[in-house]
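Two forms, one protein chain; structure tokens for each follow separately as structure 1 and structure 2.
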Structure 1
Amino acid sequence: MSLGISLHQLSKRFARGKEAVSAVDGISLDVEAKEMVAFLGPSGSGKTTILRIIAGFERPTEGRVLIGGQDVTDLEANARGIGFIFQNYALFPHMTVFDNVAYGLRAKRVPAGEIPRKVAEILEMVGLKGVEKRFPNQLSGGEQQRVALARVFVLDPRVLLMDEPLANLDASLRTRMLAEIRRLQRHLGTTCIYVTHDQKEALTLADRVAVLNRGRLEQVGTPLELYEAPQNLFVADFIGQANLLRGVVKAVSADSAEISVCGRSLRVRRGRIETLKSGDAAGIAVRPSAVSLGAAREAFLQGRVESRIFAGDRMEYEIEVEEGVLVRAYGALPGRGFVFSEGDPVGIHFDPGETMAFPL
């Protein structure tokens, strides 16, 4: 039976010389039973440390870990009923696929007569029927990853923790494995935490995403919530792509803020405008998809095309609006609209309904 996970004011400090470095700083989070939550953040954000604390490989400096309402903070890792999938798969090279998958069942003293059936069922589920007698070095990277999944899922763990398990796979195989992991997790109803620094993985897999930065929880929400309603400039920049500009607040009303950006006045209706007041410095975030290009003389901002990249279904532009200040925008493909060349003057409009402002 799947169980939920609760983290209560979790902190972890490591000694570095005479100083204590904070890797995790007061994290509280509830993961519901059968839910898939991704921990997303840059290197050094604390996501793997939190995962190791949940697994029992590390002890927190402060705070508690509960699984299914039971406090497991002081339990050893092997007493928590948790499955763990590592980045390097950790398969036994001298064992066949069958023996790798059966290893945990034998350790749990599952009756010998049941083991072949359980192994066969899980191998068929992950698409590896017929490879039972092969060794890991006879498998592709994707097949090895499927064996690692099968070895954990066959034990029906209460909780599954995954630490960047697809980092060693190429892009196309990673996409297929993401779908495989999501299908298995939903089919078996396992509570899962998935650590990644790749936003595409997090947004593809997760019911909710916890965005971490420097050991702190910046925001947790569904992928759509994080993209449409980021709570600060870090999340706006880390989820999706965003142009980030500095401005000064000129005036604030009930539903918008007027902000001076690059010497021009911009009306903003999204972000954390309720926290702004006249005279404040503000960070502006606008997605490239909310930037329109046109004639320079009629635009909110004027600039010059620094680079143009063909990106398959669109053109991507970088436009310098001030020295050292670039704005990224998307445009039509040749034959489907006007295409600018490098060096062309261009006008830029921001969609007020899609532009976000945050305190700095």
Structure 2
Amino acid sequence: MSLGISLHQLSKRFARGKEAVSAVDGISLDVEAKEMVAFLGPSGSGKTTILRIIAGFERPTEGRVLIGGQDVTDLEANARGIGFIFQNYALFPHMTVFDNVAYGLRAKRVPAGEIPRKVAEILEMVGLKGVEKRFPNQLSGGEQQRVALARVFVLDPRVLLMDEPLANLDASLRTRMLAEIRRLQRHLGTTCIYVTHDQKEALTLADRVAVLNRGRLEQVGTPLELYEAPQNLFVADFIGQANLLRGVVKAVSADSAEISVCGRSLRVRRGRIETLKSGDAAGIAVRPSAVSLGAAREAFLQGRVESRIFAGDRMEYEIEVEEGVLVRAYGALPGRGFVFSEGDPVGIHFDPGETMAFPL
């Protein structure tokens, strides 16, 4: 049975010396039953702390945690029925794979006769048949990860929390495990919060993504919403890449704003236009894919190619438009279009439909 999670005004402050450090700051969020939500944010943004509060390893300074509508804020960790996947897996080093997986079943006093069957089933499901007698240190990183998953899934947890579970794996294994985790979560219908600082993981895996920054929730939404309609400069920058430029608002109308950037005037229709005021500073975000390059003369901005990288399916340029201001842009591969060289003068256009402005 899978349950939803509600966080109400969750805050956590740690004492560091005499001052208090705010690790989590007024977070409210609802996770639906069977949903997979990713917590995405840079390191130190409070992701782990929130997860540990939900799991019951840490008490919140303020706020409540509800699971399936029941307030569990004051419940012990072992009474919450939550599965937790640790970044370092936390497999018991002195127990075999079998004993690790059976640990929770024994704690729950599942009849001893049923344990071998359940363990075998779950090991088969995570693709780990035949390693029951091995110790964790005799397994590869990917296998340890699977044991950690099996150890939790065998208990059929109401809620699954994962703290950067793939951080210790190499890139190709990470892609495989990502698909695997998604398959298991869908198959078993477990409510899941997945913490990561890797936007690719979050966007491919999650139904919804919660972007965190310095203990605060910046935005929650589906991956597409976050990409298409970021609510602030931090999200615009953190989800997908963006060129960030400073500008000054010159005029605001109902559906667009005129902003001066690098001495040019730019009409912007997306972002938080409604919050801009004439005369204010504004942040402009343009994705590299919305930057087009051309001849220098009749362009919106002129610049010089500062660097050029071959990125597999395209060329990536960094163009200096002003002293110290670089704009990233993509271009065609050699033989399929024009290719600039380092030092070339180049003209830049921003696709107005893809340019976003936010208050600073």
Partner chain sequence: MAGFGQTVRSERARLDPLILALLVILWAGLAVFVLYPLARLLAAVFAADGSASLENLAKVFRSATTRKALVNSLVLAGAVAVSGTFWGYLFAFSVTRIPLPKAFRWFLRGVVVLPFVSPPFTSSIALTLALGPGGLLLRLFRVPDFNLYGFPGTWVAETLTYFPIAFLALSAILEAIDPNLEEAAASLGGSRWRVFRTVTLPLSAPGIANAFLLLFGASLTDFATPLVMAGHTFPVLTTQAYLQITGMYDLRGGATISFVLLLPALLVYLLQQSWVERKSQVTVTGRVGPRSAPRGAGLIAGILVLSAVSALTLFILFLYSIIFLGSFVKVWGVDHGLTLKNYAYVFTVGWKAIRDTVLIAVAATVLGTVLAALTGSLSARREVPFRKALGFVSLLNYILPGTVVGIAYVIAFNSGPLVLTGTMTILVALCVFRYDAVGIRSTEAALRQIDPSLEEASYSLGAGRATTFFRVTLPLVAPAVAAGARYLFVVSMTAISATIFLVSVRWSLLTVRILECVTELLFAEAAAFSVVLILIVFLASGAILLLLRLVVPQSSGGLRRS
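All values reported here derive from a predicted model rather than from experimental measurement. Think of the rigid core as the biggest set of C-alphas that the two forms share within 1.5 Å after superposition. Residue positions are counted from 1 along structure 1's sequence.
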Structure number of the form predicted in complex with its partner chain: 2
With both forms fit on the core, has V152 moved 2 Å or more by CA between structures 1 and 2? no
Is V97 displaced by at least 2 Å at its C-alpha between structures 1 and 2 when the rigid core is overlaid? yes
